[in-house]
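Just one chain follows, in the form predicted on its own, and it is written as structure tokens.
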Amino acid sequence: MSALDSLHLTAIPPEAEALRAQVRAFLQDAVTRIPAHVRARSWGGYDSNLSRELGQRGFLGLTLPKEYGGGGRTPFDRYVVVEEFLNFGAPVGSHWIAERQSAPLILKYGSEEQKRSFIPAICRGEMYFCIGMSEPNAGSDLASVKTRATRNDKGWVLNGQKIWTTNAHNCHCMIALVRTSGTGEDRQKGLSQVIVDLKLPGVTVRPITDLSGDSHFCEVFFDNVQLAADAVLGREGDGWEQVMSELAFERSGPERLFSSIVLFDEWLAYVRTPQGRTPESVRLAGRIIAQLAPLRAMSVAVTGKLARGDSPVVEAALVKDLGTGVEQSIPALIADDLFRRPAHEVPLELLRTLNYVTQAAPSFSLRGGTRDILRGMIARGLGLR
């Protein structure tokens, strides 16, 4: 049986859907006054006050155990909450990675001390993590990691560099994939994950300004950074397996479909007006929704597998690859529609939102795994490699 045979039509349980009204009521008051071109940044947006508020209301760490400050609920509950965050364009970037994948990773592989040190603070929206995977000159070849942690009498000494690290300049810690034994030729062997306090001496974080003018990507340099002996997450040498598990968390959520959703909603609001409605725009709206609807169903099906305790690595890669394709097509299709109209008839805020999403869209198929990497995984899942 192929791994892809398991994406059955799955319904979100009523008890999870019941959360939607609570989240919407809060976000309606907290977010909707923010201009659309700012809300379009959503999980790239930084608002530590909002993150703390979400933590206090129990909207973070929903799937984590109550003994570590979580909600003890199901992946479906988290799916509903995240979907509402994205649909409203809530600026959730500060806690996003910590809550989505760092905390589940620590829960799965961490020591008891690591769980109690980090997970409750993440659930409160007070501690933020970034991911240290990509390195210069490595492209998508994650196994070519050169950053190295070497044992000494105090623990580990870390040297090397990471790049394209989202939000590192605002984070407290990084979970970095590093080499703890062997050489670069050993590929997946000898890799481990370490938790790095980004305020330690020897750590330098340098933001990179992107095409849109934002600076949420960073370079991170490690120059003889002294880590404690317990900085290793999980078992030394199991880093590759752990990273693959982490990436399944990253690729399986609704964020891989909805990066352009604020723009789409803003454009739909214009198309619903007498001056914005044309036969062509109505057909385009139907065309986009017809692509989003089955992708959302696939994403919910992946969530169903997570709820059953499976690890849907291949299925998540499939949804991510197809989802980012649709996300990238939305600004191009909307631009084609708007630029056929007299410029003075199109709302300025809609154009500003289109401008931002158009500039950000090329990154949609890079973050969380490039298209080529994902398609290789899908081919392997289908038995074609």
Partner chain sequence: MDDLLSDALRQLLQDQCTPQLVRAVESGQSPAGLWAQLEESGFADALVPEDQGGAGLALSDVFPLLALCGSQAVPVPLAHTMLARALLAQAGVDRPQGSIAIASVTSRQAGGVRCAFTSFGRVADWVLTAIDGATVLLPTAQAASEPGVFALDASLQWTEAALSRARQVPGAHDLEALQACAAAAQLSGALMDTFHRTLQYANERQQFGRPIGKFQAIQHQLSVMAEHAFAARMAAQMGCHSATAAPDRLRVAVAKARTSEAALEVAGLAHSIHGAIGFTAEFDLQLYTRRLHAWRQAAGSESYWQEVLGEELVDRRDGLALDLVRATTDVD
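Not measured: the values here are computed from a predicted model. Residue numbers count along the first chain shown, from 1.
Note that the form predicted in complex with the partner chain isn't included here; everything after this is about it.
Comment: the partner chain is not present in this chain, but in the predicted complex one of N159, Q291, Q242, T74 has a heavy atom within 4.5 Å of it, namely Q291.
A single residue from the set K108, K199, R151, R277 has any heavy atom within 4.5 angstroms of the partner chain in the predicted complex; that residue is R277. Although the partner chain is omitted here, in the predicted complex none of R52, P120 and Q359 has a heavy atom within 4.5 Å of it. Contact with the partner chain in the predicted complex, judged as any non-hydrogen atom within 4.5 angstroms, is confined among 141-149, 108-116, 171-179, 80-88 to 80-88. The closest non-hydrogen atom of S365 lies beyond 4.5 Å of the partner chain in the predicted complex.
In the predicted complex, the partner chain sits within 4.5 Å of a heavy atom of F264.
For Q22, no non-hydrogen atom is located within 4.5 Å of the partner chain in the predicted complex, even though that partner is not displayed. In the predicted complex, the partner chain lies within 4.5 Å of some heavy atom of D321. In the predicted complex, D372, R375, G376, I378, A379, L382, G383, L384, R385 are the residues of 353-385 with at least one heavy atom within 4.5 Å of the partner chain, listed from first to last.
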